[in-house]
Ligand SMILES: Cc1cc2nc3c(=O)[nH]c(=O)nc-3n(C[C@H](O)[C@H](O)[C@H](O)COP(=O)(O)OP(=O)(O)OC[C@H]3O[C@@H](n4cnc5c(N)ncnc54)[C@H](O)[C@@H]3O)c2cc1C
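Presented below, as structure tokens, is a lone chain in the form predicted on its own.
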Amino acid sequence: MKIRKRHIIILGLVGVLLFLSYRWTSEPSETVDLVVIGAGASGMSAALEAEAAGVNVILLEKMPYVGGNTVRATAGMNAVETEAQKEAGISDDVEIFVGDILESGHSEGNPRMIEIMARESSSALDWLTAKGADLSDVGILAGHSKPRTHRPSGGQPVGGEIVKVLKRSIDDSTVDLRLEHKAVQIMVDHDRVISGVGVVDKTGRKYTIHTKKVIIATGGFGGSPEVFVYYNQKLKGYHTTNSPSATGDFIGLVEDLDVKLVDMSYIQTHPTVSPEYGVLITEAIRGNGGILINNSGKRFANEMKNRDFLSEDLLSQPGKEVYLLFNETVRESLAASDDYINMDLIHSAPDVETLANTLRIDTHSLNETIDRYNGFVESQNDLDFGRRSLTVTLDEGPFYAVKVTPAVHYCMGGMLIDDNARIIGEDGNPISGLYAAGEATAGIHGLNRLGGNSLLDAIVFGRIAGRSAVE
């Protein structure tokens, strides 16, 4: 009896080993025209453009849902010469927009790519609107000289709106969307030509998709402290606003393909993030009239300056303790602010005195700061810090305040692409069959990205990548 049991156990183990051996060595395969890796805004846009041209597309997403970092976007998407701007009487154009982008990036952005992004912005907005997106509200963000940031009416968060319409379009198309399918390898043949993508599904099954064209739209690496600290040691200990999916997958996918990675240390921090949970407090609150105060109740900077400079100003304050302050008028202009209230991130009070006591700030100092700022709004001249956007006086309560600190937000570095979204190799030439879009790419924004440009970048170059792959 003991021998029989032992034999049964041995035979069972052999069977398991044979099964596993078969499972890992007999990988199934299939063939398709195009594989898109990543189902955020750039990946879905690329897949839809290619599918519209009659190409068979497989869209891979490692997470159990689409959207990536896009779904977290709040403030809006930039565009110029739009119908919404015209209806609001806003005079803006491509040249002014390009100038703002270059200034924000400290003149290190690629002028050619920036011009394409700005010139295509209106058509990108129209493309999304035609798919059902509500992007009718227009506001201004830090670093902009004109209101050009589009979001849903009432100031609702923009990311969910864009992801919703793109996902609906994917569902209505022939694009083969595969959730929880992670691309682990981009394969090449003996001539170094793209030949396929190695994939692992949620069960651990490995398989190969044979293709000669691949678009990488995996996003950046801001969701992985291990990776962003590797590239920029100064960011050790920082929170992040990024999705857990933003782990820099493109780095491993192209490490053997002689792809040119540039600006990897250029990592942007967002100045207003809740330190408790790492929740980004939208820049639109400042754009619509909010101000920043330190623990002495004093303003200390132009709230609308570029993100990198403002982050430095915040960190230089006593105790690194800073609050974003606004009133009911600002709250009513942005539905997104209600989310923060519902998350219990925001202190509210009926008047300035009560708010000051709650924050343990000197009441006289805070009253003096608000009165002085209101005077600047009335005269349209900020004598202290030169803020240009002075739209709302903070004279009527209730009043609101949220503690904020800088956190890792966006990676300007990644794979270098050309104006056709083709990935550039170490030799300076495009790699045949390999394209990219979104935060996985580099060379566009320079040292600092202008708020509202991440979605624009993703949509514009996602569409370009999809068209280029077809051509």
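Position 1 is the first residue in the sequence shown; the rest follow in order. Computed from a predicted model, the values in this text were never measured in an experiment.
Beyond what is shown, the protein has a form predicted together with the named molecule; the following relates to that form.
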| property | result |
| --- | --- |
| Proximity of A52 to the named molecule in the predicted complex, heavy atoms at 4.5 Å | no |
| P271 within 4.5 Å of the named molecule in the predicted complex, heavy atoms | no |
| Any non-hydrogen atom of G414 within 4.5 angstroms of the named molecule in the predicted complex | no |
| In the predicted complex, V404 touching the named molecule (heavy atom, 4.5 Å) | no |
| Stretch in contact, per heavy atom within 4.5 angstroms of the named molecule in the predicted complex, of 211-219, 109-117, 364-372, 323-331 | 211-219 |
| Interface residue in the predicted complex among N288, S311, N294, T241, criterion: non-hydrogen atom within 4.5 angstroms of the named molecule | T241 |
| Partner-contacting position among R387, H347, H181, K146 - heavy atom within 4.5 Å of the named molecule in the predicted complex | H181 |
| Any residue of 48-76 that, in the predicted complex, places a heavy atom within 4.5 Å of the named molecule | L60, E61, K62, M63, G67, G68, N69, T70, R72, A73, T74, A75, G76 |
